[in-house]
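Below you'll find only one chain, the form predicted alone, shown as structure tokens.
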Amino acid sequence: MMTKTDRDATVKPLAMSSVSKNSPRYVVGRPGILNQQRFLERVQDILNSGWHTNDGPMVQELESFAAARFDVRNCISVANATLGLELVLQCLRLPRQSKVIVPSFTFVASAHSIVRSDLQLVFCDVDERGLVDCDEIDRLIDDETSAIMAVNIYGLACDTERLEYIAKRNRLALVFDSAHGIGVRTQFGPLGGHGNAEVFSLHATKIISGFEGGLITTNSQDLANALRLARNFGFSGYDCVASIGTNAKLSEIHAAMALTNFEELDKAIAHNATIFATYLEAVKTPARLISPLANESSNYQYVAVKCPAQSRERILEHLLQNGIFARRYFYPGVHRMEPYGARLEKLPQTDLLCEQILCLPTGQDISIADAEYIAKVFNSGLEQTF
């Protein structure tokens, strides 16, 4: 296993000097839109109405549409998912400096939202697919713990049933960072209605792009009411501020983009599933794709490949040199990033996955032929390490 020094030494050369001089042809998370004409019609409606923000008709339509797809009582749009996480933690009114358990194998926004909410961060380890280890969460809970933040990654879902049991048994709040989770289903139904709240991303790299943006879902009417106040400075009416808040509103044009793409979600998932199946057949062992379980329905948001740790950096360099912009997720692990680098948690599975995972390009701009070519380049890089 590489040491922290070894990891740090590999970051800049791969990020800066290994990419071909031309712009990469294949990119992880390149944004797309399936119905450009419908989007432009909505933009014209926005321009004609003069209502550009402040809970306009596009935002209201998006929230209603999304709530129905998530099968949840309330959906609250926000300017981005990071603010969404912060608003949820704020509106849950957790005790100051109480502990929130979160995996380190996640995007750094998960951890930042906890620290910025004046709460203590406790990192937990993950299982072999990168999802929170429920046994580890059980072990870490103490009298100062107030909440669990679980993370659904790559279009895969955590063990939502067990997490809800753990949270209820210990009287803890449960928040899901479901940035990758739009359209994902477990055996109990779609993501969206679990825990106290779930937060989804509408960033341009996600399966539903709003350019930027986020959605918070909850079945708690009280929490939804508090969130709607908090995203708009705490205004409860004209010149009436009822609570502390911020400016986290989603604009009309962002809502129009998200709504247009949301209407095409099933088509996007079907395309991603085809690309995933192509990679699954083409990528050679000992590398292997991280796949959904038999009782899960993924959106195939990302194609995550588990590589031999000793081969991953060479494969990545080989892909970059051939114009394929693959990504390490979630390298090097939040617990090893500078703001958190002095922490002492031992997270062996997280460390291992951070040395193994590569995400390959997928999405609407990637065809089956593209995926076959990318897999061929991947395999040639893999072969060079053995």
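Model, not experiment: these values are computed from the prediction. Each residue number is its position in the shown sequence, starting from 1.
Omitted here: the form predicted together with a small molecule. The next part is about that form.
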query: Interface residue in the model of the complex among Thr82, Asn272, Asn261, Thr218, criterion: non-hydrogen atom within 4.5 angstroms of the small molecule; finding: Thr82
query: Val303, Leu250, Ile208, Val151 - the one with a heavy atom within 4.5 Å of the small molecule in the model of the complex; finding: Val151
query: Check all three, Arg129, Tyr279 and Gln356, heavy atom within 4.5 Å of the small molecule in the model of the complex; finding: no
query: Contact of Asn299 with the small molecule in the model of the complex (heavy atom, 4.5 Å); finding: no
query: The small molecule contact in the model of the complex: Asp177, any heavy atom under 4.5 Å; finding: yes
query: Contact of Ser104 with the small molecule in the model of the complex (heavy atom, 4.5 Å); finding: no
query: Proximity of Cys134 to the small molecule in the model of the complex, heavy atoms at 4.5 Å; finding: no
query: Answer range among 311-319, 135-143, 238-246, 109-117 for contact with the small molecule, defined in the model of the complex as heavy atoms within 4.5 Å; finding: 109-117
